[in-house]
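The chain below stands alone, shown as structure tokens; this is the form predicted on its own.
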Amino acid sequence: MTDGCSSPHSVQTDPEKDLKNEILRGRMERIGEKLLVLSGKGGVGKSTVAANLAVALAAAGRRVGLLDVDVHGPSIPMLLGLDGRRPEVIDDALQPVRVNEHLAVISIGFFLPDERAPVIWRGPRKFGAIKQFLGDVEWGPLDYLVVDSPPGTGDEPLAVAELVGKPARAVIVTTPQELAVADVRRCVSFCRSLGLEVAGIVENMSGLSCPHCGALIDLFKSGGGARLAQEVGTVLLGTVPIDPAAVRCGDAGVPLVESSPPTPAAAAFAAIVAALTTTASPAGQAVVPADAQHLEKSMLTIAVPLDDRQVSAHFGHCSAFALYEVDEAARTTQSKTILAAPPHEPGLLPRWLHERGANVIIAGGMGRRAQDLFAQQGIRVVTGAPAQPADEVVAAFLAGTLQVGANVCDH
């Protein structure tokens, strides 16, 4: 029985707070998956990894949001050439800054009066800002939200992990040396204490890619990421070499994965994205982007060896590969990615292209042994393609009008 009066011990609700929480949940439910880029240590290149993962996912046709919650060192605007941009407010909703039709960005850096202004905030204010970025920003429907968190296991990564909801996974960045690995090991424990799935480890600065010969030099040792992944029971998503182009690209505001010509580091990021988009979700299901589920069975990936944007006469001697993701049923190209060719070693290319999802390879020529190796990987081989621009050759292949000649390397 009650007398209509509130009990002194009853819970008082805050309608405004409840409404904001409901809006936050609604926005997060429109996002397919959240990827939290974390590290237990600063200086490992975490923001570079987050930016390039987001750009590479967007280049593959995914709808991507990139959220920079590194309150004290927001570097995403500079890495993407967005310095000086400001988000707009439309219908009381903050609009993220658009990089292109597939990628949108929010960073605390957009709100600072100038690049020298320090952010001196205590924990509660940080939590409030992150909650506002997630709840007040009109992200719209996304396949992925990539979150660049500051190093360590403090307020910001804790706030993000608590607020984003499921499904969410952590991409943990380390460098090879034991000093970094020890700190990152604590980051893995942090994730598991929160029930946050660890998608895997990225070993950044994994050797120096020599700009003259392409050989790798182990500046900071090597293998630390692989050993940590094995120790904690997760996967090594990939290794990214130190690349002089990363400095030029970062200062110029050009993502490394869009550098020209393609670099080994750019190829490494493409491999990491491929691993992330094919690894299992917490429910044990493959992660399929929200807007691509109905296309899943008709999607095809065509690999074309390149020499200066044209089809290479021999796949094993090319400088790069173009990967075209196409809708076979509609006969249209959905996305195109350029990857630097790996070292030419016997048997490597068929396995390398298979790992990147290739179903078809179109080349000028290919030896019989190589064709057998591609067949073992389930990759269809088309030889005798003319030395023409790759875009034109793929379009003709999809239209059924590609005219092929003799296999110029049938030995």
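What you see is a predicted model, and the numbers here were worked out from it, not measured in a lab. Note that residue numbering follows the sequence shown and begins at 1.
The form predicted together with a small molecule is left out here; the points below concern that form.
- With the partner removed from view, the residue among 337, 301, 75, 310 that has a non-hydrogen atom within 4.5 Å of the small molecule in the predicted bound form turns out to be 75.
- Exactly one listed residue, out of 159, 306, 242, 181, brings a non-hydrogen atom to within 4.5 Å of the small molecule in the predicted bound form: 242.
- The partner is not drawn, yet in the predicted bound form one stretch among 349-357, 382-390, 44-52, 25-33 has residues with heavy atoms inside 4.5 Å of the small molecule: 44-52.
- Heavy atoms of residue 204 reach within 4.5 Å of the small molecule in the predicted bound form, making it an interface residue.
- Contact between residue 246 and the small molecule in the predicted bound form is found at the 4.5 Å heavy atom cutoff.
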